[in-house]
Structures are given as C-alpha cells and as structure tokens.
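Have a look below at one chain only, the form predicted alone, in structure tokens format.
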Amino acid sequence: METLLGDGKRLFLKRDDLCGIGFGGNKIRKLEYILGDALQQGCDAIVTCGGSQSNQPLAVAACANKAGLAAYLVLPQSTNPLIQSFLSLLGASVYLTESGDTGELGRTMRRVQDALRQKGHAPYLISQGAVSLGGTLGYVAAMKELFEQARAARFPIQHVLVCGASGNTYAGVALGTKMFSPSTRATVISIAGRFTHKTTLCRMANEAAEKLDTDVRLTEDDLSVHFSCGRGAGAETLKGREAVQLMAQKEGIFLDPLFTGKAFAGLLDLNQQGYFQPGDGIVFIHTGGMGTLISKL
C-alpha cells in the first residue's frame, strides 16, 4: 500500500484477522499460550466472558474445541443473535446476563466456575480481554515472526502500530519489538479516551521478559500511546467508519468500526501529523473484528 500514505511510505498489514480458526483476531495468539497453560494444569473446561462486541467468546469457543476443552461463555443479553448462532454452531454453552457490566460478567463467570467444580470438572478461567502473561507472550512471539518475515523480504520496518483496548496485546508488541528490532518504534492507538497506564504496561511486558529469560526490559520511554477516537470501546465514530470504508474500497480488506477501524483512523491521523518520515516502512497489525463488523452491518 504505497499510495495510501504518500511520500514513498510503505504500509503493510500483519493479518492476524486471518489466523486460521474462527474469525481469527488477536485472541488466537493469546490462546495458544493460555490454553496450553490450562492443559498443563489438567483442566477440562474453559470459562470466560466478553462484552457484546468482543471477539474473545468466538475465539475461545473455536480454540477450546481444537484443544479438547469444553467452553462456557458469559455474555450480555445484548449480544447480537448472529454471534450467538455462531457460538451455538461451535457447541459452546452460553450464559446471558442482563447487562454487559464488567462486574456482573465477572460474578456470573465465577458462579459458572463454581458450579462446574461442584460437578467434578476442573475449569480454567480466562479474564475479560484475555489479559494474562500468556497474552503478552503471544505477541512477543508474533513480533519475532513479523521481523523474521521482514528480514526475509528485505523490508525494513520503522514503525509497528496496533489497536489498544486492555493494553495486553501492546505490552507484547512493545517488548517483542525491543527484543527483535530495537530501532523500530512500537505505537498503540487507543480506541477509548483512556488507556492502560504505562507503569502497568511495563509490568506486564517485564513479567513476560522474565518468563522468557531475556535481559531486555521495557521502560516507559519505549512506549508510544496515541489517542484517536475517544468515545469508548463500544462506541462507533465517524472517523472509524470512514477508515473501515476506505480500506474496504481501496484494498478489499475489512476492518471493524469499534476496534481496528478506529485504530486505523488513528494511523491516518498520525500520518497527517508528520509522525512518519518519507520512505518509512510501516506495519499495522490487523487484530481482527470480523464478528463485530458482521454485528454492526
């Protein structure tokens, strides 16, 4: 995509929306590590929750099946019926709550977990957003893959950008970038008016660094946070919708209006602000969202 940003800048997408199972997305890389931990602990079921627009329930249901684990999902009643139909196809057990309030989802999830234990099961609980050490490790591995691909293609990368909600994905992206391409700048584009504090991001990243037995450590100076569409994770914006349409019409690539669309709108903002230099190699990590897009059409 050399004409989209101008000045000879080369824009590539890391297509994590095409991870090969379910609707893809960033949760697939996280679940590789999270479900591995569940199996190692001898668990036989996964319990998790997600907001009405989350890509996590679909990803968990699909990946749990592949791992031989039963999936129990807690969702708000407002979840699109089409998404619920996909979950039914996957054979997941769904529990609906009156609202998508984080506290209510969490309480229901713990009740489901307790009920499964009473029936003799060994359930493994995955928090909303799959925020975990495994989640961070998944994106450290993704950056290793990305920079190996770039070197093989002789494509220098000056910038890596990713959508940000919980910050867990970005923690892995930032650490992996520093480990495998320290001259590259890793930037997160928040899709809400607030974002995870840099201290917390460094803690998540450095916990992963310790697990990987590397001397590399992330500091707050390594982090770049840009705010683009600050109406909240569940709110559409005009700029986000325009970015979705632009990518669909120019490249035939689908973003979603709540996450990747707003993040890509932020990338376009940064380009207009002179954040990138002429000739820069730029990678946008497409973290999925097909279920959200289908729900919003």
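One-based numbering along the sequence shown. In this text the structure is predicted, and so the values were computed from the model without any measurement.
Although not depicted, the form predicted in complex with a small molecule is the subject of the following passage.
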Does any part of residue 164 reach within 4.5 Å of the small molecule in the model of the complex? Heavy atoms only, please.
yes
Does residue 79 reach the small molecule in the model of the complex if we count a contact as any heavy atom within 4.5 Å?
no
With a cut-off of 4.5 Å between heavy atoms, is residue 262 one of the residues that contacts the small molecule in the model of the complex?
no
Would you check, heavy atoms only and a 4.5 Å threshold, whether residue 55 touches the small molecule in the model of the complex?
yes
Looking at 79 to 87, 214 to 222, 107 to 115, 164 to 172, which lies within 4.5 angstroms of the small molecule in the model of the complex, counting heavy atoms?
164 to 172
